[in-house]
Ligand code: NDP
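Have a look below at one chain only, the form predicted alone, in structure tokens format.
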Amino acid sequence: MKLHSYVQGQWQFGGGESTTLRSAVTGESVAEIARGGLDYAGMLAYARDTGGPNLRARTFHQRAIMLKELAKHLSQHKDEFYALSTETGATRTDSMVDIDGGIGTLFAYSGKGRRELPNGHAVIDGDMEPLSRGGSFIGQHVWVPLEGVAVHINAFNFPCWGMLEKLAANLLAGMPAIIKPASQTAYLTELMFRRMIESELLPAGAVQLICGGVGDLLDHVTGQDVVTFTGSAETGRKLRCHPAIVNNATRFSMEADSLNCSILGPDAVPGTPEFDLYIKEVVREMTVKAGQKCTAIRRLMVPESLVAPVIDALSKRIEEKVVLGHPGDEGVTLGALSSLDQRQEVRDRVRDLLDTAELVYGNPDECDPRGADGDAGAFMSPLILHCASPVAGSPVHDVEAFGPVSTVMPYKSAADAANLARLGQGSLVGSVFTADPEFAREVVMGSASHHGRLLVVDRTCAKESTGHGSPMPTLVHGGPGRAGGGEELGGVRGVFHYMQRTALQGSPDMLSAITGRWMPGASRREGEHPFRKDFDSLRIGDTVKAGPRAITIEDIEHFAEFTGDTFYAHMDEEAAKANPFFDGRVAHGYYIVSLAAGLFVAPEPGPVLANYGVDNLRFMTPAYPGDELSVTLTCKEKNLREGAGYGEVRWDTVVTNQDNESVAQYDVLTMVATAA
């Protein structure tokens, strides 16, 4: 099987020398991959000139729906993905992490996009900033898509998830991508990519694929492009320093190998749930994907008195629960490394670690895999090392054996554990297993600066915990220092990596017209009650003003009796006067909101379907008996729900008293029907 690249809308086998890719399990040929021979500059130009405009023509919600449909389509082909994934050395559980995890990320970003982003082409960032005394000059930040290309250079360990978790964010942002998978497992990426293209769900130019080398691709990147890299820190540093990336200030995000730690609390002694959970999690992290995860646990930090019990418990669990063998066989829990070269790399790094550590379980050079040839396949036994003196400068804080390898090391105190965690020079993730909140707090606050994510596990959350090694679509993935200094995922935070934040300045009317959101100080239009208008007829700035209505002591007492809210400030004149914020009994805040609704609402059946919330409610000035309140309701923002027959409308609401002082300000959220 020859692996083809997808270049400017066409499948193409590259030129130059080719390499045979072999099964991690049997050593037999799986595919042939070319080294180069593609028009890399043309790929970038095609993405910018065709893919970008096609994606940006769609709204965020339309792109989110596209992701959902793509995820549904890929789900229909999971069986063939699983079958081929076996050749990478992955067990069925390993493949689920890679394949289902990637597809699940598409689903997650589809939901996030529709819930948290507008159905438009730009995202308003924060509130309006007043820039003048009279209010005629204001500022507003907005996010817009970059007009370049996302170049994703991915690692070998997650050929599916590594592609999809990055694509989800850049496609939702409206930016096309060029995917460059690591050659060792590119055959699985290419298969999934083919199914993506066959779906015809993505517009022309939205995605392209490079199977083989990148050639002169990076020579042609610009300041509008984004380059992401997942892999070794050494390779990442070389890419980061590429002249075109440096000279054009091209955004570069790196996720590199990481010496992640897991810390066992001193309270978690044998016999406690936390001790058992720790042992179970460590063994799982050593064996899932054969330890070939950037988030796998490499350093095990345990109290000095628990070193021997931990080593014994880990050894026992491996003996009882871990079955090394052909990943396609029933009952096998530990498959092969991705290649024979990778196995040799792990062996070499283990020898480096043994300069200051001792091997206490396993043999890096011998194993007996079930149903497979231990010499032809890239199999390796789980290895546990022990470093009695994990001082600064020790290889355990600098060398990563990217396989089923972990090192146990002692600590003396919470501060010592946090210091050992920091010696990893920056990690993607760390975890703490303890039921002691004080210990957890000291370790977390002492090491968070060096981690992208920290997991704290005790018996109360363990059942539902997603685990040490699982990046979540809604949480950031990345880390400082050695971990690369990059960041991805994190819900919509990940989308903004492919967008530009711009500060706009101008008049309220001008910025309202540009952003599609009514700004304070912009013109209002009164006339037909806006609740009588359907979503399509309603315009930003449509307004209704109503009132005044006087507040009486009878209103306050009735509201208190009806709701049960008899707080003293509403019922006791003397006590209310003693409160530094009030001059006497005041109206309930929620009575004011209810009164305002009674003033602005149009009660007859019409296009307004439901009120589904209130945002940013603030009470500005107390309302006393005898005050007269008025309300101004203005159509602030509209978002169409694709295919639902209605849209969301946000209404700016201001309640004022007889002196024109603001009593309450908030946004009312409604669902409004579209035109029939």
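Being a predicted model, the structure only gives us computed values, none of them experimental. Residues carry their position along the shown sequence, with the first being 1.
FYI, the form predicted together with the ligand isn't displayed, but the following is about it.
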* Partner contact for Val142 in the predicted complex: the ligand, 4.5 angstroms, heavy atom -> no
* Is Glu400 close enough to touch the ligand in the predicted complex, meaning at least one heavy atom pair within 4.5 Å? -> yes
* Is there a non-hydrogen atom of Lys180 within 4.5 angstroms of a non-hydrogen atom of the ligand in the predicted complex? -> yes
* Contact label in the predicted complex: Ala204 to the ligand, heavy atom within 4.5 Å -> no
* Asked: Though the ligand is not shown, can you say which of Ser136, Ser449, Ser232, Ser537 has a heavy atom within 4.5 Å of it in the predicted complex?
  -> Ser232
* Structure fact -> From Phe156, Phe193, Tyr498, Tyr187: within 4.5 Å of the ligand in the predicted complex by heavy atoms is Phe156
* Structure fact -> In contact with the ligand in the predicted complex (heavy atoms, 4.5 Å), from 125 to 133, 341 to 349, 311 to 319, 106 to 114, is stretch 341 to 349
* To do: Any residue of 524 to 547 with a heavy atom within 4.5 Å of the ligand in the predicted complex counts; write them all down in order.
  => none
